[in-house]
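Next up, structure tokens for two forms of one chain, structure 1 and then structure 2.
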Structure 1
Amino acid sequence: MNNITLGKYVPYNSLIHKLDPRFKIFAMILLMVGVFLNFASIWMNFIVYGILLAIIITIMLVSHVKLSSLFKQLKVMWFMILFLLIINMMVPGNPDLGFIQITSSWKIYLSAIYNTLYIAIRLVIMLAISLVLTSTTTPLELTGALEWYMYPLKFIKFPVHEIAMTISLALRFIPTILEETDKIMKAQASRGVDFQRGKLKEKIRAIISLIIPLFISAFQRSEDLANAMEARGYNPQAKRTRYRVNKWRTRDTISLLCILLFFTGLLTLVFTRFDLVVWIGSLCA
């Protein structure tokens, strides 16, 4: 459980931390859309993915988000990536990209490896983007930004504030639940419960011994929180003010122009079908 760092805010005084949370959510959406754009060729896709990954790693370094946090999140992905690779190898691929002849009736198409790399790189980039957002933005700021984006829905009587409050509480209790899970696992391990080894039946019993106390603890925390909010006179229908109000500053405008310019460049590459490898080859010829 200590490997799970997604959702934990890391307090620093970096430039990324100071940016408006509304901009950070908008930038995250644009970058994630850019990940799924299809460019002129396979190599062009990998070049753009490499540029995206380099930009995100630079942002992580500027915002003091440790790369080890990203690597910890990737540990749970290796089995899925290996499974996808096996599935892609069993399915006939594109023969134009080449293949490896294993037996007389079995070929491993290189397109299977390319497709698996596509999925793996996209997952890494999206995970890194989400990690930067949650590490540099407090749950309260995220809630305020989401509520600001959903404000037009108020005109159709959509419960914007209630939804935003629910999201805020969910984000707030993710680290708490993870810490509680770690404590319960250590307590059960001290009583002889083995979560790593044993037969399937024994592992199911071990998981049950973890889930039941965790659910009881979560419900107890929910009840305590509801009682505390009720005792303080919380009314979701009443007009509320904020102690800290998000202010759009010059740095947010400059950052917005940069991300829009970058995304426009990606769209230009998609629609013009520009291929850097072919262009360099034509220059060399």
Structure 2
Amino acid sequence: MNNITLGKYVPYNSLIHKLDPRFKIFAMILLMVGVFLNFASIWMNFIVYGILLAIIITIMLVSHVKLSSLFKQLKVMWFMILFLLIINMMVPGNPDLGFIQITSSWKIYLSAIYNTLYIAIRLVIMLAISLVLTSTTTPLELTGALEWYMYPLKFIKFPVHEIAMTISLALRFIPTILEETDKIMKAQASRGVDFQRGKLKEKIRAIISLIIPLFISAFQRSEDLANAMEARGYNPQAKRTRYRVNKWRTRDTISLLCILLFFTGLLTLVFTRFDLVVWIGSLCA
């Protein structure tokens, strides 16, 4: 069960945990955009990816996010990466980058391999970023920040608060439902269900014996929750105050400046088509 709780908030007292969630969301978006920028050459791309990965791993270490949880996810991704490689090899690539001649009529373009590698690295980086965000920020903080970002939408009568409440309720019940899943799995295991082994037909039965009770209890729970909220006079239109107010501190400003500087640097590299390999080459010559 523990593998499902990936990205669950883990209470530590690190710098990353203490940063303002609004900043954290912003930084996440910038870094993710950074991952998808296309630099001057293949090598330049890999260099930037390397830097990004190094930064993220440092952040992970600082915020006590386990590197092993990332590797666990990679295990699942292997199949997808292989599939991508095969698809990429089937479609004609860019012959300029060279190719490996396998038989007289079939060649593998190197660009196919590069493309696959790009996607794999991008996925790893994105996964790592979101892992850091969710394991250092409580769901409540996250929705608070989301609500703050959606605030302008209020002027076009977009139900910002309702959406934020829905999201925060959904996030709030993830651990509960995981717990419930664990409980039902155990109860069914006591009745002889084997969730790991068995033929396809048995596996389907096992899953049904889990899903039906889970749905029923989820519906029951949401009904209870709605009733409890109504009983306490919940009114979505009402103006609400917060117990925990996000306070923007100096460390948030400094972090924001750093990330902006880094992102501007990346953009400059893109627009000037700067290539480190060529540059070093020209220096040596």
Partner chain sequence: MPITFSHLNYVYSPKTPLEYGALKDINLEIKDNSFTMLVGHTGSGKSTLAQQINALLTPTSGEVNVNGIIVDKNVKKLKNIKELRKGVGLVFQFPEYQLFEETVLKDVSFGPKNFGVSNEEAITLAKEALNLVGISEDLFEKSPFELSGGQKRRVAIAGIITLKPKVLILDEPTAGLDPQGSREMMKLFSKIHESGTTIIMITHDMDNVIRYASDVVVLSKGEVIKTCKPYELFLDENVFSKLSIEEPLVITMAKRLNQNGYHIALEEVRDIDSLAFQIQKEKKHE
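Between two forms, the rigid core is the largest collection of C-alphas that superpose within 1.5 Å. Since the model is a prediction, treat every value here as computed from it, not as a measurement. For residue numbers, the reference is structure 1: its sequence is counted from 1.
Q: Of these two forms of the chain, identify the one that is the form predicted on its own.
A: Between the two, the form predicted on its own is shown as structure 1, not structure 2.
Q: Checking G233 here: with the core superposed, does its CA move 2 Å or more between structures 1 and 2?
A: Indeed, G233 is displaced by 2 Å or more.
Q: Does S130 shift between structures 1 and 2 by 2 angstroms or more at the C-alpha, the core having been superposed?
A: Shift of 2 Å or more: no.
Q: Could you tell me how many Å the Cα atom of I184 shifts between structures 1 and 2 when the rigid core is held superposed?
A: I184 is displaced by 3.9 Å at its C-alpha.
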